[in-house]
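Below you'll find only one chain, the form predicted alone, shown as structure tokens.
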């Protein structure tokens, strides 16, 4: 089925080892997708939803013990433990192969082995990278059809280039005691066993596009980041692009699909990507970005016409839902919807109010990016889009201003490296616990964070036209515990200041932590936010920031001698400025 001997020999070897009943090479066609869906409907792996309200939509219910990523069972298997770093779980490659290969032995007996050639990024882009996933799950194949450029065109590119990332997956028996996700960065390979959940099983996503790709990016001189990409078009039809990294529960998806408020007639926001961003230096010295994905695998609870109308509209048809509830007329339902009443919960059992969530908190939708009403016409550009600004964000109730700008690239890398967010009750049961999540990459960086930060710093030597770096915090609270900033579409006002700063237009004040908007620089016209509230949103509390710097110093100590001296010096400079 392929002229690539390495690929054909690997498939044959896996088929023998797993004792698969048959081998199917995926062509990525719509007819193949329909056949897969038909087969899963017959076995009960999928259930069809209301054809009138949600045409071509299906529901998949996971095993109740297999509903999320398993970070404690996710390993980076580099030859050196230090190369994996304290930010990753590590296992010796030989030991890892032996452990997981024993689980794969005979695991596909009675099943079909699917070969999925796929491309992460536009199929004709020199910035894209290819992979092949072998799996025994038709659910994974259907999702990979939506999430990647999968099939014949990807296989042709693999045969032309002669290289690809190897991904081997089996659901096994879904026993959590026999579940591992192992990454072998030096081999550009992934092995995942015992889970059917997307983050563990759709190997093109976090496994390839971040953990393996971040390793590739360092060796090849680019960046693989957990960032959205949006284009912001002003009334003069000028479009500028920003990339932004946010930990969970910080509004990443909402920003990726932001709808300008009524006060901003003539403005448009275009979605290039909602989750992952690959950035390369162009010949012009600017960073150019592609979204390696072709679809969205989003968390659905809380999605409604008010919070994210674009997302709500795009999942009304041709969508795979995972672990949502169902109404009496067979419509998907999740917490955050005003209409409808769930009668069956995410486990397929009768729903009883007061007996837990009807939809799982991590329930998902898988949908083609092209169904997004704000889908960018430049999302498939082979050379990518030029990035004007990089934004880091977090959820902080008191300390972090609404927005501030880094002094320069090195300071911006420090801002990203020190990024942190306060937990919510929904996340951990504890409120306000600060968790470090550098560049929002804590679960996804495929190597030592200290080396990763050094790689970021190296770009300053390669170009003088790098994007400006900023930090935002939509979640500053007043004494009453209410948010001071309205958020959602109004965040465009902050993005406007950011882009004006990139153009040298907007006014800013120099502070010990960076540049903050001057009074009136953020447009609050027709917004119910007082001048006093804006001063609070843009206040730098030196005492709290000194404590923050000490916490960052303690965190960085964990990376030992590999920690970049430039970042430590930048941190010391900030501390000195705060003490004046």
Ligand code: SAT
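Numbering follows the first chain given and starts at 1. Everything numeric in this text was worked out from a predicted model, so none of it was measured.
One more form of this protein exists, namely the form predicted together with this ligand; it is left out here, but the text below deals with it.
Within 4.5 Å of this ligand in the predicted bound form, a heavy atom is found for every one of 69, 205 and 297. Between the options 183, 129, 364, 169, the residue in contact with this ligand in the predicted bound form by a heavy atom within 4.5 angstroms is 364. Distance criterion of 4.5 Å from any heavy atom to this ligand in the predicted bound form singles out 198 from the list 401, 231, 393, 198. Considering this ligand in the predicted bound form, the lone stretch of 110-118, 410-418, 188-196, 205-213 in range is 205-213 [heavy atom distance within 4.5 Å].
Although the partner is absent here, residue 175 sits far enough away that none of its heavy atoms falls within 4.5 Å of this ligand in the predicted bound form. Shown alone here, residue 248 lies within 4.5 Å of this ligand in the predicted bound form, counting heavy atoms only.
Of the residues in 140-168, none comes within 4.5 Å of this ligand in the predicted bound form through any heavy atom.
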